[in-house]
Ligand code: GLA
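Take a look at this one chain, the form predicted on its own, written out in structure tokens.
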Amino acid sequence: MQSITVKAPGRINLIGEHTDYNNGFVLPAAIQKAATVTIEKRADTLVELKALDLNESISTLLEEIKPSEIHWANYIIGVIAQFQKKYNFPTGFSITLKSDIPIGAGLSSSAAIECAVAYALNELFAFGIDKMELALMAQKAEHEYAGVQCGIMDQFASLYGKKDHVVLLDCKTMEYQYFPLLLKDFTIVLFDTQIKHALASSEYNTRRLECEAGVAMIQFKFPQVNSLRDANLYMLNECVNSIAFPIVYNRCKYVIEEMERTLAATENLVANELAAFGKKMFATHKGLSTLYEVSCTELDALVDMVKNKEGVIGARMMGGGFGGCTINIVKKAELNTVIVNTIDAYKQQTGKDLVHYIVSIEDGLVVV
């Protein structure tokens, strides 16, 4: 094999936000928007990267792989570096990237790129790495080269997505289970604030530290607790004083409640109780906004705008926060009305244009 083309999708997350790096549960799904990567072997040791959508390219040598000043390139270089820790590439290669996943919308464009590159390199050079290990390598690339201490959810969803299903992933054991998402008369629409506040990455990492601080406090009395996954509200109330440490308390309270919500939400799917599922999405947004404080004015406005709209059964901010998208479950018969009204209201309230995406739930990574 001299070349390979791989298509890796972006993802949505129905519920279970900011729980993955706390060893909790998430409920993502792959979508139709994807990153496509073509990798071709070379006769030399050159590594050539091209981003067709940006009309940009860079090149380096295999023996000189290091972080780049070009942002998009680090998602690819980071993956190459993970392979180099354990394997030797016999030749260089050329990588061509194109993607229709909106950047900054919280749809995990970076994870899609990382997974596509990891899977393609593994196949092209026959390293024999299993899919779960590839997801972990892609996650490591994000940590070490993009500087975002993300959980495993995004990479997992891109590799393991299944058409018309969500995946319940246990981020502690890496066990997973598919649940059919029977939308029937409903559809999923994302409203994109077109905003990415500069503090998103730094605050994401801060939230991890705040959660870890809570775990350390709980461990004094309950040493068996290694992450918030092992904790409950009783333990939190016993060990973290909400008056002395309000920020740590609120962060932990949100995460513990969100893990419980996510498991309960899967029961709603089994019972085909979509309206009950939607109510949990609204509850998640309230927690993300008031306890975890990763929302922003624009995201809160969008959820408030649809909260009492006919045909909208669930909505919340999605992703890291401080911008990006809200995810909404909307009755198909009311979809156009909801979209038009929300676009108008958002413009009036913020002065900004609102972009929307109607998404379908598709399979994970495929070789094209």
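Everything numeric here is computed off the predicted structure, so don't read it as measured data. Position 1 is the first residue in the sequence shown; the rest follow in order.
There is also a form predicted in complex with alpha-D-galactopyranose (GLA); it is not shown, and the following applies to it.
The listed set Gly151, Gly287, Gly278, Gly92 contains one residue whose heavy atoms approach alpha-D-galactopyranose (GLA) in the predicted complex to within 4.5 Å, identified as Gly151. Mapping the unseen interface onto this chain, Tyr204 counts among the residues with a heavy atom inside 4.5 Å of alpha-D-galactopyranose (GLA) in the predicted complex.
Contact check for Gly314: no non-hydrogen atom falls within 4.5 Å of alpha-D-galactopyranose (GLA) in the predicted complex.
Among heavy atoms of Tyr346, none comes within 4.5 Å of alpha-D-galactopyranose (GLA) in the predicted complex. Proximity of Tyr21 to alpha-D-galactopyranose (GLA) in the predicted complex: non-hydrogen atoms within 4.5 Å are present.
Partner contact region in the predicted complex: 151-159, out of 74-82, 182-190, 264-272, 151-159, criterion any non-hydrogen atom within 4.5 Å of alpha-D-galactopyranose (GLA). Scanning 316-343 for heavy atoms within 4.5 Å of alpha-D-galactopyranose (GLA) in the predicted complex gives Gly319, Gly320 in sequence order.
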